[in-house]
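What follows is a single chain, given as structure tokens, in the form predicted on its own.
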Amino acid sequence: MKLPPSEWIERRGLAALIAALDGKARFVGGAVRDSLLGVTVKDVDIATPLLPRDVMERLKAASIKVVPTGIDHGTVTAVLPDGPVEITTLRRDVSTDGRRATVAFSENWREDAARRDFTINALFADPETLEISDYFGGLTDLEQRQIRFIGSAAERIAEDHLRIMRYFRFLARFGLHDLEPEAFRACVEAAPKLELLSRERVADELLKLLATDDPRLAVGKMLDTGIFDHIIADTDELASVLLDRLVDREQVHAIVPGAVRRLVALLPKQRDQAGAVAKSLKLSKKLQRAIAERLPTLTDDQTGPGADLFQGENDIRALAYRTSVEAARDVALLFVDDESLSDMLSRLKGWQSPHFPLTGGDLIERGLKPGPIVARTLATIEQAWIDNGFPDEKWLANYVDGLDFTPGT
């Protein structure tokens, strides 16, 4: 079988890179897999029996910029006009502890394929002939959309515990079948080992899973079997139901999947609890802030969706002004009742947050005494402006004219 013609094969500089490796190279992994599925290829990876320093010398001689991004583990990166290409020397595992592996370089393609996780990720393609090398039945599994570990699932997971999460991510992205029994059993049994991994690795894989088109089956299985307990210690009691409804709404309203939005569906709906989970995953400050913005303050008895969660702000545009249009849209998708959702989303579509034109200096010019009262008064005026639907400057001028700015007050 051959790799079908694909745009990524014609990327600028790629032919020169292949030529520099003198026929000792094959495309591998995601680029091969996704091309066979007709999916847009983002990253291009190359495997080679050449040693890393030999690869670097050859590329430099061909005037191709190369960076030793992971040279100790056999990986260098060629910087091409249409994007970087990783080139990795064939390897075999010498020892593993579930978190990292000690590798030795190899010249055996099958040996390198055997150390990969899933059969569909162990496909090689010759850059010249486009002939595909398949050592473990990956082509059949790809055709059937079956996610299967290479060899023993338990052994593959013992080599790298993160493969548990990768299994469910690939199930969400490509799987059409029920979970393969051996693989599923191995994931459930090894799930406590996830707690040994760095939280950054776990969080990165979790967000990738949640960003797939439809992660509901995969996440649901992880929740039902307790696997998720070793990823997030505290989830919403209705996490599976809330995620199911959210994905339905995204599909109905043609909204692109959002990993953070879906994560909020799984988290407790109190900001402090959700914030604690976000910190435990060592998410960036930016992501922690995004989660907080998508959790408006709810009343004690508000456990389900409802448009009345905007009490005190009276309009979803007010929330968009305070946070962002994206955050307000996500809040609507997560919490607003079905009857109000379409209206909420329509009020945000194409809306741009206005600029509040008044400054503290303007108030001082009108006679307000400098000091903390300026900030308080400005905030009061801004809130009135928001409550009235962001009226024009004429309205704002009339409103301010009605206030008492007697010097010394």
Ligand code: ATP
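Every value quoted in this text rests on a predicted model; they were computed, and no experiment measured them. Numbering starts at 1 and runs along the sequence shown.
Omitted from view is the form predicted in complex with the ligand, to which the following refers.
For Phe170, a non-hydrogen atom is located within 4.5 Å of the ligand in the predicted bound form, even though that partner is not displayed. Remark: Gly29 counts among the residues lining the ligand in the predicted bound form, judged by a heavy atom distance of 4.5 Å or less. Contact annotation for Asp160: at least one heavy atom lies within 4.5 Å of the ligand in the predicted bound form.
Under a 4.5 angstroms non-hydrogen atom cutoff, the ligand in the predicted bound form has Asn121 among its neighbouring residues.
Screening 134-142, 333-341, 108-116, 230-238 for residues having heavy atoms within 4.5 Å of the ligand in the predicted bound form returns a single hit, 108-116. Among Asp362, Glu382, Glu57, Asp43, the residue placing a heavy atom within 4.5 Å of the ligand in the predicted bound form is Asp43. This chain lacks the partner; the member of Arg329, Arg271, Lys221, Arg166 within 4.5 angstroms of the ligand in the predicted bound form by a non-hydrogen atom is Arg166.
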